[in-house]
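Next come structure tokens for two forms of one protein chain, structure 1 first, structure 2 second.
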Structure 1
Amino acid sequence: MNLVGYVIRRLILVIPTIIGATLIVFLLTRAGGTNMIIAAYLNPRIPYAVQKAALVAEFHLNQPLYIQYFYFMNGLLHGNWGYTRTGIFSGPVTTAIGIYFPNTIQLAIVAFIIAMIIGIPLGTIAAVRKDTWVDQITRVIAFIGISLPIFWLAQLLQTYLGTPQGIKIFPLQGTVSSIYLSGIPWINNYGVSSPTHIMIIDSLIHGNLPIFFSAVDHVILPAITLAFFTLAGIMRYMRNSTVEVLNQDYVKFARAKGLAEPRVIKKYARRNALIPVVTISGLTLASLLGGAVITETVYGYPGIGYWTVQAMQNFDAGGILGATLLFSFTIIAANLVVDIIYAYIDPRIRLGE
């Protein structure tokens, strides 16, 4: 099977997954009663009495569940994801996602890069020096990484690196220093900037260097927290796949040929060892998103996780519904992309199954 055929088949497989995921979310919402659907779609600017009948009619809430699900999906596909009303944002869910998701993506990308920069060399070294103390130490770091409660790490880092309790070298919270939160037209009171909603990029667009440095300063601590969370997985996968690759014949041949060991590892082993690491990046993304909920909450970083927790604490049905859908769609999309990349790198996958 060629790549196009594989991609088409993989795309078709996404449809039942999306239907299943939305069905679960819908049933969960519906299990809370008819009122929950109404609550999620209630526009805060229009009186309840006016809307209730209209919403019951729009989502066919008097009809059987499968009809309700159909109209629910119909709403989703037409971009009607309900309304959210929390302290930090009030309005359509899709707008809230547009505002807060870029910040999470930025945080996740920075964290992922940090984790890769540290994790891949450490994993390679651990594999090359297998069963020595280097290997043991990285193993312990990896185990602490997966066992450490991320909120606790975030709290400790924030308290002892962000407040005068310890050494104050990083800012306490937010996306940018609080002196910029008022008086600058493109930054709102909660530290969300426009037009891209990513502070680092926006400050460059507006050519404001002090804000740029402040934004970079604010992203470091949350990103380190998130990176430590994913570092362990990347490191262990890199180590195990490098160990496997180092036993392959072509590596033995490269050594027998008399190539220097660093060259063997860099040119022959590392590239092939990276393939399985690419495949787990989908899983990594899932854990990054979960970790982002906690990290953003601790650091008051206005991303999608922060918004989700705000929605939970403010009893905001629309926000919860929208966040659950968004998180699952993101993971489905990430898995799809990873599968396609993997099929592109490794032709055996296309032929298999």
Structure 2
Amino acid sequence: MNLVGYVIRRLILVIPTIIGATLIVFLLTRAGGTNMIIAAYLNPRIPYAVQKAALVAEFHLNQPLYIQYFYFMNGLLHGNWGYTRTGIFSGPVTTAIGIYFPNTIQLAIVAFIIAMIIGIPLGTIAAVRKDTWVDQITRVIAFIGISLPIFWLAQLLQTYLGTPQGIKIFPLQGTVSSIYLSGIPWINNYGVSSPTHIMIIDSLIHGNLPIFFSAVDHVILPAITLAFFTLAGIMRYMRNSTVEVLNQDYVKFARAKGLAEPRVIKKYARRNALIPVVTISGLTLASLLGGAVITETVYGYPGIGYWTVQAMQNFDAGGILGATLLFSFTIIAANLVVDIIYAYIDPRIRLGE
């Protein structure tokens, strides 16, 4: 099977996965009764009594579940994900996602890049220097990264890198300094900018370099926190995968031909060692995009995770429903992308179909 055929097949298989995810969310919402369903779609600007009958009729809540599911999916496909009422935003759930998800994308991508740039070389070095002091150090770093609670790491970084008593002063909260939260028409009171809702990009669009540098400073500590957590897994996977590849016959043959060790590692070992790393990296990025909930909450970073916590604290059914669906779709999309990259790197995957 060629790559195009493999991609088409994977796209087709995504459809039942999406249906399954939406079905689970649908059944969970129905388990809470009619009032919980209605609460997710209540517009705070319209009286409850006026809306209740209309919502029962719109979603056919007096009909069998399979009919309700049909209208539930129809609402999702038309962008009707309900309403959210939190301290940082009140309005349609899709609007809230559009506002807060870009910040999470920015934070996740920066953290992911840092983790990949550091984790892959360190994992490779640890494999090449297997059982030496270098390998032991990377192992300790990986174990600390995997076991250390992320909220504690965030608080440690805030204490030692974000206060006057620390090594260097980094901002502790938000996406930009508080002096820019008033008087700037394209930044709201919660540090969300327009038009892209990514402060670094919007500051360049508006030609404001002081805000740009402030935004860069504000993303450093949250990104380091997420990167360290992600780095540990990538480094261990890369190390173990490289150790296995270095024992393969084709690597031994390349060495027997007299090729320099750096060339053997780069050309013959690293490409194949990256295959399992691609899998764990793609899923890790998906989890970050799904919402770095703890990190964003500790740093007061207005991303999708921070908004989700606000929704849970306010018992906001619409926000919780929307966040759950978004996380599900993100994981599904990440699995699809990982499968495609996996097949591109290793043709044996698609040939085996």
Partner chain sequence: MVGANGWYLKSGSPRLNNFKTTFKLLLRNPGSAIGLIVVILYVAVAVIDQVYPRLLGITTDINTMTTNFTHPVPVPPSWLHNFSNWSLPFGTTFPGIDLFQAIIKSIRIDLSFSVAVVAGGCIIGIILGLYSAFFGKWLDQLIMRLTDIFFSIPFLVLAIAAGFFLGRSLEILAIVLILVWWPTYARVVRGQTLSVKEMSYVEAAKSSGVNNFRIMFKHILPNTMAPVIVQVSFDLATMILLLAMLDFIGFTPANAYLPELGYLASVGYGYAAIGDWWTLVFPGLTILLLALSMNLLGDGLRDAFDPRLRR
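For clarity, a rigid core is taken as the largest C-alpha set superposing within 1.5 Å between two forms. Numbering runs along the sequence of structure 1, starting at 1. Every value quoted in this text rests on a predicted model; they were computed, and no experiment measured them.
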Pair member which, unlike the other, is the form predicted together with its partner chain: 1
Shift of Val245 between the two structures at or above 2 Å (CA, core fit): yes
Large Cα shift (2 Å or above) at Ile275 between the two structures, core-fitted: yes
